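As structure tokens, one chain now follows by itself in the form predicted alone.
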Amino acid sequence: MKFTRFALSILLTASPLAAQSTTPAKPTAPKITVVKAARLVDPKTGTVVTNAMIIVQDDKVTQVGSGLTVPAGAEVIDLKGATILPGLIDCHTHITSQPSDYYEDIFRKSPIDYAVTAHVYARRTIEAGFTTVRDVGSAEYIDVALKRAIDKGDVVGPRIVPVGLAISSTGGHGDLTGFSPYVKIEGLSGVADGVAEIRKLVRNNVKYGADVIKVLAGGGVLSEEENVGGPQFTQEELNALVDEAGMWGRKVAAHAHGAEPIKRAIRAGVASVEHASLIDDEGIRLAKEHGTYLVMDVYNDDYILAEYGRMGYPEKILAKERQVGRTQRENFKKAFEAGVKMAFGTDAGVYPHGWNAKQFAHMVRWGMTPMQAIQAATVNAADLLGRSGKVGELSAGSYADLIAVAGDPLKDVTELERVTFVMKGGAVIKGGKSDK
């Protein structure tokens, strides 16, 4: 009897708490924001909307147009005479590092040094108007960790599509070359030789968070292996790599300057070829036939030749840059005029983060209209990343990632180097009253 009374008293005491815990929470009203400006560049249609309005609910766009009705209770951000564009996309960055001194960067810094400064470069990138980036290679999966910190809201930065460890052959562009065989640097290795090792490294990259697989199919510039244009994986190895990546639902980006590694990568089925400096007529034909994107970094030659000697880079590296720089720009024009798909990618990190938009002027100088260059950094880039409808456009259901510039970038594409307003997922990052 005593137990029954005790149990009953417990129940009676707890009942108000139980009732309180089961009462449904009052739903929070969605946040509505309206952004207005004189013009909106719509890269999806290749047109301009005047007196533009974008209605945002929480992190998504609900309506785009002119003369729309402002919803009751909405916050209105009036950018007046500015031009709005979708947030820009850079498909080739190294957002976790930035060279300053050749030997110090290799021998006096650890991945910890790079990790603790990566957020600085992430912020510079998004404040420059790039709300999405594909990061194509980072030591120790720092890019994956940075992506997670940004997604959680701990760090301000763009949406990151990480590749983790870039996959290199022994002695290739991603291996430490040019030094004594007794010089070794501990850490996770992206070096793999032969089909079995390559497949395993692809699986490890997927396991640890890579959304894309990056392969160094041929020689590079900023490394001490001998031949910038030479292949560094066999056709069989590249075929296996793309097959393995596809099994895990991952696209492949292939670094390749030389004509032969470009063609091997395209035949293997990669989604994009990075740099593509020395592409030949057959490579252009194959890229067009396969629908392969070229991501050609046609700005950074200027910076490398101006600054890398001062940073202590060996003459053999500078000589390789002189070999590919002008030719890459000529081949960019040739491939574009042939109808090859092009996506915007800068190799940011090779030059200072936040300068990404300096490439637009070079793309226009070498054959694109300003609208075509903007499309390369929006709808084309989104297509390459498999994120069409989410980023790279402003339409119902897309993320509310948008930027603004004071002038008209279709008349002067360098306006994109002077971004005045940035919104990512409905949150104002730069400009406006909500500036963080």
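Residue numbers run from 1 along the displayed sequence. These numbers were taken from a predicted model, which means no experiment stands behind them.
We do not show the form predicted in complex with a small molecule, though everything after this point is about it.
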Report task. Would you kindly say which of T83, S169, N300, N331 lies with a heavy atom within 4.5 Å of the small molecule in the predicted complex? Result -> N300
Query - Position in contact with the small molecule when the complex is considered in the predicted complex, options L222, A74, V155, A145, heavy atoms within 4.5 Å - result: L222
Query raised in the report: Given that the partner is absent here, does H275 sit within 4.5 Å of the small molecule in the predicted complex, heavy atoms only?
Result: yes
**Report entry** in the predicted complex, H353 touching the small molecule (heavy atom, 4.5 Å)
**Finding:** no
Query raised in the report: Looking at the partner-bound form in the predicted complex, is K251 within 4.5 Å of the small molecule by any heavy atom?
Result: no
Query raised in the report: Might H257 be said to contact the small molecule in the predicted complex, defining contact as any heavy atom within 4.5 Å?
Result: yes
Query raised in the report: Would D59, R159 and E393 all count as contacting the small molecule in the predicted complex, using a 4.5 Å heavy atom cut-off?
Result: no
Report task. Would you mind picking out the stretch of 331 to 339, 121 to 129, 316 to 324, 146 to 154 that comes within 4.5 angstroms of the small molecule in the predicted complex, counting non-hydrogen atoms? Result -> 316 to 324
